[in-house]
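This document contains two forms of one protein chain, each encoded as structure tokens and listed individually as structure 1 and structure 2.
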Structure 1
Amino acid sequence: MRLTKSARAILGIATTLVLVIVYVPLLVVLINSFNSSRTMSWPPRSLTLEWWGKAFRSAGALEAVGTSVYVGLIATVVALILGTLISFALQRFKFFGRDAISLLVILPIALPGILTGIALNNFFRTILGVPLSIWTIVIAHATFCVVVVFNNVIARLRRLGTSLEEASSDLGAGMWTTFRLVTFPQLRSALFAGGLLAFALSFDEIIVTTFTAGQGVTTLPIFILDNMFRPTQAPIVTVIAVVMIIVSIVPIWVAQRVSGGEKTLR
């Protein structure tokens, strides 16, 4: 399809406008992290590294980072296991209700976070009768992290087909040998990309976390929300926001590079 000059110009302007709206505020946050003013006045009169030093010495911020990393890693491991198993079940086998199950697996990431948070809060406290804790956050995060892994793995399985696995079986290899030597090597990049995206999604999640976090459990997004309007903490929160931007961008960039570098088997 070829576009006219006017259509290309309109598309270019619209794309530029969207990118400016998305990324200029992020650039402002980055510059403000070096702003010497406590009130984050704009434009900055001078720049300083003081807030970066205080942020990396803040016990509350460091504890929140540790909690977010801990939750993200466990939720990612759970998502990798469940997402991979569900992908194989739905792609390799035909059974009644397969399409309905596929919809139910994908649904959590499509639902508004506040609905998921309220539903999980009621499920843990009312139905199960368990107190909210760091483990309820892990379970809550795993529900939507599974979707990311599932989408990556099932897309790869559809591209691969079953010819190589069938050839391996014909040559006498068992199920686990075929998986270890044939299937898994072809899925590694999809699993790696899905795991990175799942961790990034978990690391900066705020709405579901707010409804499923127990007393005294503070992830980094909750720490930011609790301190962003405190005058003495605002500059530190800005630094933490920059760190979160970097932590979110890097896994997504790596996942894109890994997924984009794969060649489709024919």
Structure 2
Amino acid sequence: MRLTKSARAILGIATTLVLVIVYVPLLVVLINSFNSSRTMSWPPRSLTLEWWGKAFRSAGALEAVGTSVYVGLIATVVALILGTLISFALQRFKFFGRDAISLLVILPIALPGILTGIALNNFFRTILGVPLSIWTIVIAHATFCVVVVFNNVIARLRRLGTSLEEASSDLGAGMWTTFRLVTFPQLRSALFAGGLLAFALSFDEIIVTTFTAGQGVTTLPIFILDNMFRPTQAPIVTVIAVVMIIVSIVPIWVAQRVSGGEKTLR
């Protein structure tokens, strides 16, 4: 688009400003992970590596990370399956109640987390009589993760059309073969992006988790909430946060490569 130089400059400055606002708090977290003051007063008087050492030896923190990864992975797999099925149904068929279903998929994320949380808590404990455990968290997480997979897959299906699949079945391929060799490869990057978002959503969820976690099951956000206001533990939480941000670059970068590669092919 042809824009005047000043318009470009203004947009460039606005973009830079927004990025600065987005990253300043993260930088504060990074610096505070070296802040020798436990109360994290600003500016830091001196820097220390003590918290980093302690964080990597904190059994509670490492266990919480493990639990979160485990919950996140299973919830993501369930969400991938359910989300893909539902996006095929809604994209490839016209039927009565289609709009209601697309609303149903969005609801678990649109309605307040606390509502989903107490509804599921009430449902598991009072109605079903099931004790809360790690599996109740997985079920709850999978439910609200469906929507992100659904969004990614249905957007891809809309773009794909069905001609390649029809060609495949004209050439004699059965449904499974067509899905495996034609449809799935075209969906792969959308599934990856959706799965990544679903995992991120589950990994960071606190409200629903609070209400569905069994006794003694500590996901990372629960660990953080429990320890954030403890002066002895707060710096460790800060270190974990920094590590998470740094580690997250890898999957995001891979997702970008996967989807970027496709763009040049088209």
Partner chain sequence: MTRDDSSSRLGAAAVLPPRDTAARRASVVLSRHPRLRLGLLLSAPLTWLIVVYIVALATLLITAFWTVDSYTGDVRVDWTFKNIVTVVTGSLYHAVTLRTVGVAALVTIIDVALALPIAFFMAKIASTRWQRFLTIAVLMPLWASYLVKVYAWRSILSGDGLLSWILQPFGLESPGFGLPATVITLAYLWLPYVILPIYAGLERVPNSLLEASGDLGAKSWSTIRHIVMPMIWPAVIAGSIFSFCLSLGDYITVNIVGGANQMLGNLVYTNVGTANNLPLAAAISLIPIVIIFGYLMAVRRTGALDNL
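Think of the rigid core as the biggest set of C-alphas that the two forms share within 1.5 Å after superposition. These numbers come from a predicted model, not from an experiment. Please note that residue numbering is based on structure 1, beginning with 1 at the start of its sequence.
**Report entry** Identity of the form predicted in complex with the partner chain among structures 1 and 2
**Finding:** Structure 2 is the one predicted in complex with the partner chain.
Query raised in the report: Relative to the superposed core, what is the Cα shift for residue 246 between structures 1 and 2, in Å?
Result: On core superposition, this C-alpha lies 3.8 Å from its counterpart.
Requested in this report: Look at the Cα of residue 9 between structures 1 and 2 with the rigid core superposed and state its shift in Å.
Outcome: Its C-alpha shift, to one decimal, is 8.1 Å.
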